[in-house]
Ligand SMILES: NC(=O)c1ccc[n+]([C@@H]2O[C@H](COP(=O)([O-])OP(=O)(O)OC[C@H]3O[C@@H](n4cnc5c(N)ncnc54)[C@H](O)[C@@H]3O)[C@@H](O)[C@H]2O)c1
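To begin, one chain is listed below as structure tokens, in the form predicted on its own.
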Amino acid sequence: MKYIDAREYKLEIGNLEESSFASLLKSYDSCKKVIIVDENTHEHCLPYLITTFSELAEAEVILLPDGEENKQMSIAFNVWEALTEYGVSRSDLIINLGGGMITDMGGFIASCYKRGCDFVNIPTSLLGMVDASIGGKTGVNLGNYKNQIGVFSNPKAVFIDISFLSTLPLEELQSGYAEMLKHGLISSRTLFDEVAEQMSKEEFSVDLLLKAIEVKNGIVKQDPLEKGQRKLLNFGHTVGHVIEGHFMESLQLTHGHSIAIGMVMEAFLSSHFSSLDDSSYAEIESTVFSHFSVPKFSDKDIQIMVAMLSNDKKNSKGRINTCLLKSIGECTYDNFLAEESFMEMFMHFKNLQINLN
């Protein structure tokens, strides 16, 4: 069992049965337990949880529809109504069992219910393990705008058991690797190289997962409310969230896929507005494009996506705010660029698609 100092909550990595999860459940012995799952974790992960931990034998299970397009306030309202019908109090416990969508949304639901109900995260996807479940960000989408409504709220604990990864299809593993690539791009050339190499291997590296988690946890501990250093974790997300939101219903790209493309595009901007050299940009592009394809988009798509950028939650004083790389392993935040720069960026990749075809 690996214990990581997350300062305000427990962060444990290892076999769930050997973790402090059972003792945590016992501390809520006379309290109600609610498990929030999606369609995938309901089938593949929930049976293990409720048969292994007797304290969950009578837990209420709330099943959410799968898919990022369902990460909406309307679903949150349905869950709050269900919690009220179950008579759940603020001293009871909500357990979020799932990927990033479940930990984001479940955390938000718990944090707002009766001004705050205790919750724990048990991430079951690589993306959830390395990113979404850690750091206290919770939220739901507002239409096609990603995580537009949310709060900072820490769980009581996060329990990471990599055995859940055996239930994942390859595209979901790659989605998690994209965030791990990001952790390397913003902090460590060595980590970037190791993740890039790992993506072509069949076996999974727990050590590499730990390294990526340590990067995020270390940044969050320094800046829990994203006033400065934590903004680095947004690299690839300014553009990536727009791509994910715009194509949410038509292509249903994974979060990691969208962020991977966003990282290439923001690296392209970095080569023009920061000190990222051409060879480093080419390496980033080659690494990402060997695993993720760029969705085809039209001039109209570009106009819509650039307009969406103007409503990004990271913006300030009407300016589009993004992260830029100085080199692989070194990143800056609070870079304000004009809409025209993003328009030219999208046009470059639209033309690149034509050349590739």
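Start at 1 and count along the sequence shown; that's the residue number. All figures in this text were calculated on a predicted structure; none of them were measured in a lab.
Form predicted in complex with this ligand: not shown, discussed below.
key: Stretch in contact, per heavy atom within 4.5 angstroms of this ligand in the predicted bound form, of 34-42, 47-55, 285-293, 311-319   = Looking at the partner contacts, the answer comes out as 34-42.
request  = Answer with one of Leu208, Ile149, Leu168, Ala76: the residue that has a non-hydrogen atom within 4.5 Å of this ligand in the predicted bound form.
outcome  = For this set of options, the contacting one is Leu168.
query = Here the chain is shown alone; which of Val195, Leu276, Met101, Ile219 has a heavy atom within 4.5 Å of this ligand in the predicted bound form?
reply = None of the other options qualify; the answer is Met101.
task = Answer for Glu172 alone: is it within 4.5 Å of this ligand in the predicted bound form, judged on heavy atom distances?
result = Yes, Glu172 sits close enough to this ligand in the predicted bound form that at least one of its heavy atoms falls within 4.5 Å.
query = Could you tell me if Phe164 has a non-hydrogen atom within 4.5 Å of this ligand in the predicted bound form?
reply = Yes, Phe164 sits close enough to this ligand in the predicted bound form that at least one of its heavy atoms falls within 4.5 Å.
query = Should Glu266 be counted as a contact of this ligand in the predicted bound form, where contact means heavy atoms within 4.5 Å?
reply = Contact check for Glu266: no, nothing within 4.5 Å of this ligand in the predicted bound form.
key: Leu127: touches this ligand in the predicted bound form, heavy atom cutoff 4.5 angstroms   = Contact with this ligand, yes.
task = Go through 43-73 residue by residue and record those having a heavy atom within 4.5 Å of this ligand in the predicted bound form; state none if no residue qualifies.
result = His44, Cys45, Asp66, Glu68, Lys71, in sequence order.
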